[in-house]
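Next up: a single chain in structure tokens, the form predicted alone.
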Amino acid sequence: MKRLPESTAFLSVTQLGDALRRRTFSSLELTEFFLERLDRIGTRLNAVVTVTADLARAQARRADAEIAAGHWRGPLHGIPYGAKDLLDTAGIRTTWGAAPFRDRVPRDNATVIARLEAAGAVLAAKLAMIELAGGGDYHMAGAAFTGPARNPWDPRRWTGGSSSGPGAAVAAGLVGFAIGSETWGSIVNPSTWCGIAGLRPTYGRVSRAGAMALSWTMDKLGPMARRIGDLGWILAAIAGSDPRDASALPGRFRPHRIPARLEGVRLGYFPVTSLPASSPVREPYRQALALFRRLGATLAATSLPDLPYGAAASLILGAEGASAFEPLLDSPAVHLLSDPRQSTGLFAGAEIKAVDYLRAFRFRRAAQQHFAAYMENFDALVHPGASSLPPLADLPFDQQEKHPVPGAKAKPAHPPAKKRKPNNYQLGGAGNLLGLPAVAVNMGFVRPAAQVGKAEPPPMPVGLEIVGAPLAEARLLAIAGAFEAAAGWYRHHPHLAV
């Protein structure tokens, strides 16, 4: 069997598909290539729960036979991918990242898995995640029975959560693309910290049938890949209505051409000064805004309507998460969770009053109306996906201060009184509460400061989050794609020890 060069690992979905059509390699050869990397690198990064080798080889052989017969299913045909381990796979364990469910084997495929199979994609692995997608909150990267997912750019650091395995696997070139999920930051965060492209679709754009439920009114499934252009093709394969999910929206998604310029595009941006003064992403963000201007976009400083998005989102997530995992809370197995904060948070969610939950829903409706009027001024909003570099993987988050992340400034012993932050500049709470789509794209690299007596740390990627109105995925992908092509950061890949 042909041995593929290591550079194959970092080709985009489009490039892999072109190579398959030209018979540069077969789907089986590509699958064996990725299976070897999943075994050799994926386990070292704690990115993998289950390698689905037998299924992958069978699907790859079928893809090769179909392609040879001239039956081309589309741009994902024959390309190996990984799925976050909260998507059911028939006869293959789906653990939700949690020890109480590590032997759970579903009978049916999730709708997303079935649709990708219909598109000819090859399922190579179930990928690691924070247990229960962080439903009860967590205080360490190791809140999973697989341990902390390690960032391919620097394995001492975390990938971000809760789609931690998909972030690592795509960045490290272990699969062609991955499917993650987001309830609050779980696609945008690891995409940002791993230097890859990620898409959080509009709530309801993708069926969640067969996916672990955390928050029925906030959960979303979406693609993670190496290039922005790949995201549209993957979304086209998985979007659409589904009789198994009443919240799934009708209508298919059609990818659009990515423009070279952005004349006429109106971008609202949150000022650089809205970031903490010590934030290492200030300069890359400033440069990203300058690049948007050079591409012809019109930029206007802004802030969100001053509403308590985060508080409402937290309340809804807490109540719905406690309901989703009520059987676990009634079972001794709850004590098997890796992070005790998970069970504490879930039990707290069970105490939320119905009147408060309903009040949050009334606020959500009003906030959606406010946001619709606000977005009439913009085609999209831009802001860094995270204001910091990823924390160290082996320390609880609350101990990072005692052992500072390189480049981060320690807090003073007696900090001054906190000033009120400008109008919810962080888009996570608002975007997920209101069900808005978002795209994460690499906006550069930051080299952390070297610690005394330690080797110089490698540069870490930082990302931009681009948010739009409901169902504006095509517009967001066009904006992000033009930025990606002009910036060229996608050409950089982590240097992995072999």
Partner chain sequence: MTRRRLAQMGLALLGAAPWKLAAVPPAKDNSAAPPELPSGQLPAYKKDVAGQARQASSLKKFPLGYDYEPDFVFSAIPARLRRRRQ
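Residue numbers count along the first chain shown, from 1. Note that the structure is a prediction, hence the values are computed from the model and not measured.
Not pictured, yet referred to below: the form predicted in complex with its partner chain.
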Query raised in the report: Given that its partner chain is left out here, which of S303, S323, S388, S343 has a heavy atom within 4.5 Å of it in the model of the complex?
Result: S343
Report summary line: Checking V281, A393, L214, L315 against its partner chain in the model of the complex, the residue with a non-hydrogen atom inside 4.5 angstroms turns out to be L315
Query raised in the report: Does G135 make contact with its partner chain in the model of the complex, using a 4.5 Å heavy atom cut-off?
Result: no
Query - in the model of the complex, A360 touching its partner chain (heavy atom, 4.5 Å) - result: yes
Requested in this report: Find out whether any non-hydrogen atom of G160 is located within 4.5 angstroms of its partner chain in the model of the complex, and reply yes or no.
Outcome: no
Query - 4.5 Å heavy atom contact, R365 to its partner chain in the model of the complex - result: yes
Query raised in the report: Any chance P308, A311 and D356 all have a heavy atom within 4.5 Å of its partner chain in the model of the complex?
Result: yes
Query raised in the report: Among 140-148, 344-352, 100-108, 373-381, which stretch sits within 4.5 Å of its partner chain in the model of the complex, heavy atoms only?
Result: 344-352
